[in-house]
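Next up: just one chain, as structure tokens, the form predicted alone.
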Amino acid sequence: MINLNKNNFNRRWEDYRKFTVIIIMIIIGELINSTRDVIKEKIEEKDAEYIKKIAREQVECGANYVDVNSGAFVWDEVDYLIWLVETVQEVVDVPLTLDSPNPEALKKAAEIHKGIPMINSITAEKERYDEIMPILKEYKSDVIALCISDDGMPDSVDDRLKIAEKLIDSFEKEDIDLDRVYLDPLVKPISVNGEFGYQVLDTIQKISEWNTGIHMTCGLSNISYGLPKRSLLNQAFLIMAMERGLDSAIIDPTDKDMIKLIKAAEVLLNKDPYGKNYLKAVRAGELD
């Protein structure tokens, strides 16, 4: 269990200083995902120019990571994921988020990735955890950690907190720097249950109050699944989550209204000291 009253991480003061630095929202671009029909078609055709275009657009719009997923190709996933990594890294310098349920695909993709990748994802499920942890250690990867355990998907805030505690304790025992971990509290559609949004918001706030230095992220668009005008709901939910402590999100960075709201919220939440990024964006005409 996490000891909130003592230094549970045995770090020097200098190590803790980074946790006091205000972090601007870390954006993981979600568009190169084979569950999207157009992307699946372009991957299957190996249309490199189209994939490169989508990658460039996301980075130009502010993505800090570009997610690549070939999971729709069950039998050829490894080859397609390798192709995606090689193709995307020809045109962007940001690290990629290697997104796969297949440990072999993740390992092969990490081998050829230039620089430090992000693995999407690890869970508290024993089999999944044991398969992914060696990859994180070998490639010193950043990682998205989903709040899922062997008991299944969480049904409440308490369920999420218990899984988060287990994951954080496990990472600390494995000597994984929590600044490399992006904890995902698992967003579920409010079209199924109206309380799912509040559950995630409360979870984010409570984990942020632990002050462990872990990042908080989420697959934001899940919140609006099954409802009309999804972008409006996504935007509203993102601002609410940022206020609770969310410092990363898996989103469509080409959604200009979303990016404008992020920049505005960062100023209002004092996450953009003196509004430097905001003023820079204004001068560049990005908020017009």
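One rule holds for the numbers: they count along the sequence shown, beginning at 1. Note that the structure is predicted; figures quoted are calculated from it, not measured.
If you look for the form predicted together with a further copy of the same chain, you will not find it shown, but the lines that follow are about it.
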query: Position in contact with a further copy of the same chain when the complex is considered in the predicted complex, options Lys46, Lys53, Arg36, Lys260, heavy atoms within 4.5 Å; finding: Lys260
query: One residue of Leu201, Ile214, Val157, Ile82 in contact with a further copy of the same chain, assessed in the predicted complex (non-hydrogen atom, 4.5 angstroms); finding: Leu201
query: Site check Ile168, Glu174 and Ile207: each within 4.5 Å of a further copy of the same chain in the predicted complex by heavy atom; finding: no
query: 4.5 Å heavy atom contact, Glu86 to a further copy of the same chain in the predicted complex; finding: no
query: Exercise: Ser191 in contact with a further copy of the same chain in the predicted complex, heavy atom 4.5 Å; finding: yes
query: a further copy of the same chain contact in the predicted complex: Ala265, any heavy atom under 4.5 Å; finding: yes
query: 4.5 Å heavy atom contact, Glu243 and a further copy of the same chain in the predicted complex; finding: yes
query: Segment that reaches a further copy of the same chain in the predicted complex - one of 230-238, 28-36, 63-71, 246-254, heavy atoms within 4.5 Å; finding: 230-238
query: Heavy atom contacts to a further copy of the same chain in the predicted complex at 4.5 Å, residues of 249-288 in sequence order; finding: Lys260, Leu261, Ala264, Ala265, Val267, Leu268, Leu269, Asn270, Tyr274, Tyr278, Leu279, Val282, Leu287, Asp288
